[in-house]
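Next comes just one chain, in structure tokens: the form predicted on its own.
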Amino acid sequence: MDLVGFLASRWQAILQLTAEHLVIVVTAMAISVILGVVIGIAITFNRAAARIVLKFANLMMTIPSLALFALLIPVLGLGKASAIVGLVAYTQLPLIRTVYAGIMTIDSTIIVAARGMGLSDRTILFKIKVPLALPAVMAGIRTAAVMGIGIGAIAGYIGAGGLGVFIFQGINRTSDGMVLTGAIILSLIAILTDQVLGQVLGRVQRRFDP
């Protein structure tokens, strides 16, 4: 079945699997962003902890995505839970690293001046460090989101649904229409997400430009 014929005959399934894919990715990214930002901020207070956490996050990235999902199946079973936890783990590195780097590269004279004005460490963190690191944080979110959309295709292989279902079933059935449908929609979602977050990042950077 060619691409046009497949789209015409399976449009309801396409919408359903696209919605499933978006739910998985959005849920995982919401958890991942909160976790990554909290960890990224926390390790700025301890360089030894920062080295350990960043090395562990790097290690997670070296594990093939399918292998990571497979390791989670005995614990969480097949389905969305394994997919979401796997995506959260896989997208932590760009988030933690950009939050940490964004804060640690702030000009030290700004922090010294803030302390000289009598500001507490808590106030400095939330009123100075986090706002100044926001462009770097947004860049990390942009990278993680695009990664999550692509890696989320593996969710179809572990029974979580999503657009990966078309890709894997299409390969098994040698159906070009199914494979192309899944790949094209995934690409369009990734491109659109990258463009939208890129515009948001541009606005954030312009806001903090001198």
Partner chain sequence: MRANSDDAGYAVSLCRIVLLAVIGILLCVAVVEHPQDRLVAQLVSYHRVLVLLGQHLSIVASASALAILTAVPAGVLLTRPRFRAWTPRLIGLARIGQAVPGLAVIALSVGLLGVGTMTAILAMGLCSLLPILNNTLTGINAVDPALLAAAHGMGVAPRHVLTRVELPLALAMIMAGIRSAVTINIGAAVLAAFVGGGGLGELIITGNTISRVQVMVLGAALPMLMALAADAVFDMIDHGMKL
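This one's a predicted model, so the numbers in the text were calculated from it and none came from an experiment. Positions refer to the first chain, counted from 1.
Keep in mind that the form predicted together with the partner chain is missing from the display, and what follows is about it.
Colleague: Identify whether the partner chain in the predicted bound form is within 4.5 Å of every residue in the set Ile154, Ala190 and Gln195, based on non-hydrogen atoms.
Modeller: Yes, each of Ile154, Ala190 and Gln195 comes within 4.5 Å of the partner chain in the predicted bound form.
Colleague: Scan Ile63, Val26, Val38, Ala49 and let me know which has any heavy atom within 4.5 Å of the partner chain in the predicted bound form.
Modeller: It is Ile63.
Colleague: In the predicted bound form, does Leu22 have a heavy atom within 4.5 Å of the partner chain?
Modeller: So Leu22 does not count as contacting the partner chain.
Colleague: Would Ala42 count as touching the partner chain in the predicted bound form under a 4.5 Å heavy atom rule?
Modeller: No, Ala42 sits far enough from the partner chain in the predicted bound form that none of its heavy atoms falls within 4.5 Å.
Colleague: Should Leu71 be counted as a contact of the partner chain in the predicted bound form, where contact means heavy atoms within 4.5 Å?
Modeller: Heavy-atom contact with the partner chain at 4.5 Å: present for Leu71.
Colleague: Can you tell me whether Ile171 touches the partner chain? I mean in the predicted bound form, with a 4.5 angstroms heavy atom cut-off.
Modeller: Contact with the partner chain, yes.
Colleague: If you look in the predicted bound form, which residues in 115-142 sit within 4.5 Å of the partner chain (heavy atoms)?
Modeller: Heavy-atom contacts within 4.5 Å come from Arg142 alone.
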